[in-house]
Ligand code: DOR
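Just the one chain here, laid out as structure tokens, in the form predicted alone.
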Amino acid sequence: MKADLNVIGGRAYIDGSLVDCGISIEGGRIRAIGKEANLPPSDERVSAEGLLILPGLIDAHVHLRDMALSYKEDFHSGTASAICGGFTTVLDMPNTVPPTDSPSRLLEKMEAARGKILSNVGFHGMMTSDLDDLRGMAELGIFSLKIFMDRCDWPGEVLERVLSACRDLSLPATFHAERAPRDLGRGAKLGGDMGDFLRAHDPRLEISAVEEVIDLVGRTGVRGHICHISLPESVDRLRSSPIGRAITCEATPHHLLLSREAYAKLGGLAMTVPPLRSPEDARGLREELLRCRIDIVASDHAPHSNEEKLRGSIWEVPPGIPGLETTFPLLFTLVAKGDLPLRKVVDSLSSKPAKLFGINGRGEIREGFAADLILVDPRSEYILDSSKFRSKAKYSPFDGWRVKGRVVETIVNGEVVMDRGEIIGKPGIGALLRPSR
């Protein structure tokens, strides 16, 4: 019996090693892995000669916007950005307009996504004190309940009750672990510069929030995940706690590779929360990633219009950096330089996000798994240029960076959706995913 598609001639990342082999795909899944002569015949064939075949990347922290924020990004442009960056699955954050804080709003978002998406998409839910809404969203398949600690004014007993319910539902709690910015007074609010912004987002606000997450997880037994951790000290507080291994965490490429020095040149274009820290903090985060004390890397793709990012007052600039099209080449460049093993990139961008969030049957190249694959040219060098992004956000603090490792083909559920930068998949080809609890 013929397969649908054979990918042949490349070196595939399988069980931690690069293997010369071909991959046969049928019905959206990997049917066989082996030498070309041993694969079943197929209707179509893709040559991966000279290329690496990696499992499709999974981004657990993405803001696809859409609905009332579709001028910033929508489900089609966001997932087009994803597949061009090598991400075959993304998990969308709930702080949209309207927020994803009830079953009806989750269904509304699912319907908005259906028929538009080019990658697989799953959804996080927003903190709610209504336990019926929480259970309803869990039944519909949210991947976590997101708690923004910088804007969380829920009483402690309410938060504990909700987190205990998450535990009973086997639903992780995902934390934006930074306390509300410090009030610098009226003068700073009227004028203000990047120094004021950094003072308002004092590092101690993240550290205290991480300590509170440790306490909440210890008291409720919920599985916790800390988003975009920005300080090595935060990682150390987490890992040195008695329950530190019960809480996972992620870092972003911008916190790993940039520092607050970027603000002098880029201003609001580099503004994000938590803010960029010191060069020593960025270096420390890279060391924590190498030491496996940071679990995954996520882009925190947070697109805005260029006009919004170029506003005069720093307090009017929305924080956020688009990252779906820069995350992989930035990390692969570290691999090319010998600063990061390929295993770490694949683990933190594919297999570990799949395991942490219950995305079963994805994140690895394995017979029976979904055929989500990317073909990478490891020798291709190029300059990052945000004007060419598929995202609606045409800006990046990494503009002009020379990178190595180009995603030349993306396969989602057995279908070629991007080839040499051209999107050839039809909108709706991506699947709406539910977690396996």
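Just so you know, these numbers come straight off a predicted model, no measurement behind them. Numbers for residues come from their place in the sequence shown, where the first is 1.
Just so you know, the form predicted together with the ligand exists too; it's not on screen, but the next bit is about it.
Q: For a quick test of understanding: in the model of the complex, does each of Phe175, Thr252 and Lys352 have a heavy atom within 4.5 Å of the ligand?
A: No: no residue has a heavy atom within 4.5 Å of the partner.
Q: Counting only heavy atoms and a 4.5 Å cutoff, which of 319-327, 341-349, 128-136, 236-244 contacts the ligand in the model of the complex?
A: The contacting stretch is 319-327.
Q: Is Arg311 near the ligand? Define near as a heavy atom within 4.5 Å, in the model of the complex.
A: No - in the model of the complex, heavy atoms of Arg311 and the ligand never come within 4.5 Å of each other.
Q: Verify the contact flag for His304: yes if a non-hydrogen atom of it lies within 4.5 Å of a non-hydrogen atom of the ligand in the model of the complex, no if not.
A: The answer is yes: His304 has a heavy atom within 4.5 Å of the ligand.
Q: Give a yes or no for Thr272: in the model of the complex, does one of its heavy atoms lie within 4.5 Å of a heavy atom belonging to the ligand?
A: Taking the distances in the model of the complex, the answer for Thr272 is yes, it comes within 4.5 Å of the ligand.
Q: May I ask you to check whether Arg151 falls inside a 4.5 Å heavy atom distance of the ligand in the model of the complex?
A: Answer yes; at least one heavy atom of Arg151 falls within 4.5 Å of the ligand in the model of the complex.
Q: To verify the annotation, which of these, Asn95, Ser164, Ser102, Ser259, has a non-hydrogen atom within 4.5 Å of the ligand in the model of the complex?
A: By the 4.5 Å heavy-atom cutoff, the listed residue in contact is Asn95.
Q: Give me the residue from Arg362, His228, His225, Arg277 that has a heavy atom within 4.5 Å of the ligand in the model of the complex.
A: For this set of options, the contacting one is His228.
Q: Could you list the residues in 30-64 that come within 4.5 Å of the ligand in the model of the complex, counting only heavy atoms and keeping sequence order?
A: Heavy-atom contacts within 4.5 Å come from His63 alone.
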